[in-house]
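Here's a solo chain for you in structure tokens, the form predicted alone.
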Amino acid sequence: MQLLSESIYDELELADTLVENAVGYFQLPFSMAPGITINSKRYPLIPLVIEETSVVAGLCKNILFINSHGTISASQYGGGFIGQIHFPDIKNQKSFERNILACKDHLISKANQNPCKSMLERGGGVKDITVRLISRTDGKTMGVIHVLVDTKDAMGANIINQTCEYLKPIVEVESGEKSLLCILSNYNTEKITKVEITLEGIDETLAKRIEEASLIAQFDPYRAVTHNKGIMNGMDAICLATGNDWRALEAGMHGFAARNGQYQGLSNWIANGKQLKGTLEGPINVGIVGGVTNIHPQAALALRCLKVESSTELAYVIGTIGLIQNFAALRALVTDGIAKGHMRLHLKNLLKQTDATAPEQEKALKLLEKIFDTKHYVSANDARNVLKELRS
């Protein structure tokens, strides 16, 4: 607990390792939620790093509800990460694709003997190379080479980028075309994680209302964005805690949400009498080795608390917490409304902005709750007025 309760370091050595021009640390709350069981395996504690009011409270409440009412299963299909070598203007489309595919085995072998050698020894490495041709609006054609790299339990951004840079001059010679850039893709459709929660003995009206609320996010992109933001509240919090790249996760999941040409909700809830089944899938690309996960002591602590044994298991936990957070939000929305769930913590924040003492805050909190029940909203002025009445 000392590691969590004190400042990370008095020295800036770690910060200088992570970023340029470090002048200090910006700390966020590190919380723990109750454990969950996925595919019959227990994950005892869920570490979360997030500052948003009521997210952890909502998660804890609904984790306990789900633990007592249902089961969680998860699976992953596909494998590897996509690296891209881009050719903005292909002169000869047919020969480009033909030449690259003809030397595919040679390219894979070269990559695995050089930049991916250590990855290959761990059972990973380059597994496949494919070619895409994309028509431009100006009549030209773009060419994209996809390099599929199995990075095992690492997220592997650096090794993917290095592999593509290594292959770039080789494919330029083989294709007779000129490449502009090489970079991994965070929209990784080659490895998709799917999580499913099945709840039994649910109130039929509640189940149906949650199904309808879920359906709204499939048709209305304005609602879908907020629907998915709630999902990412849970997913990002674990990513931050474990030292993973939450921006990459966000980009990939939002890209997946628009895969059908319209931005849609990432989750689906289906009611069947007293049964409610929720599913969530997407590219949850994370790692448990390499990068920040290896050098940040709190990230290492978070992984020890989770007791995950692979990046796949971590993806399962992240997806599950995202889906539970979604359930928590929908459950609140279709019953008491989202404001009531946020209210108590919001009122505490309002009172902290005043000079109220601890005893005054307790009394004022009860009065503000009564105001909320009557007006359905509370302002900073209400907090100041209540405090003034208590002191008069």
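Worth saying up front: this structure is predicted, and the values here are computed from it rather than measured. Residues carry their position along the shown sequence, with the first being 1.
The following text describes the form predicted together with (R)-mevalonate (MEV), which does not appear among the structures shown.
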| task | Note which of G230, G252, G80, G290 lies within 4.5 Å of (R)-mevalonate (MEV) in the predicted complex, where distance is taken over heavy atoms; exactly one does. | result | G230
| field | Listed residue (A57, L333, L45, L365) with a non-hydrogen atom within 4.5 angstroms of (R)-mevalonate (MEV) in the predicted complex | value | L333
| request: Look up in the predicted complex whether I66 has a non-hydrogen atom within 4.5 angstroms of (R)-mevalonate (MEV), and give yes or no. | output: no
| field | Proximity of K91 to (R)-mevalonate (MEV) in the predicted complex, heavy atoms at 4.5 Å | value | no
| said: I'd like to check something about K307: if you look in the predicted complex, is any of its heavy atoms closer than or equal to 4.5 Å to a heavy atom of (R)-mevalonate (MEV)? | reply: no
| request: Decide whether T226 counts as a contact residue for (R)-mevalonate (MEV) in the predicted complex under a heavy atom distance cut-off of 4.5 Å. | output: yes
| note | Note: (R)-mevalonate (MEV) not shown here; in the predicted complex, the stretch from 112 to 120, 218 to 226, 155 to 163, 91 to 99 having heavy atoms within 4.5 Å of it is 218 to 226
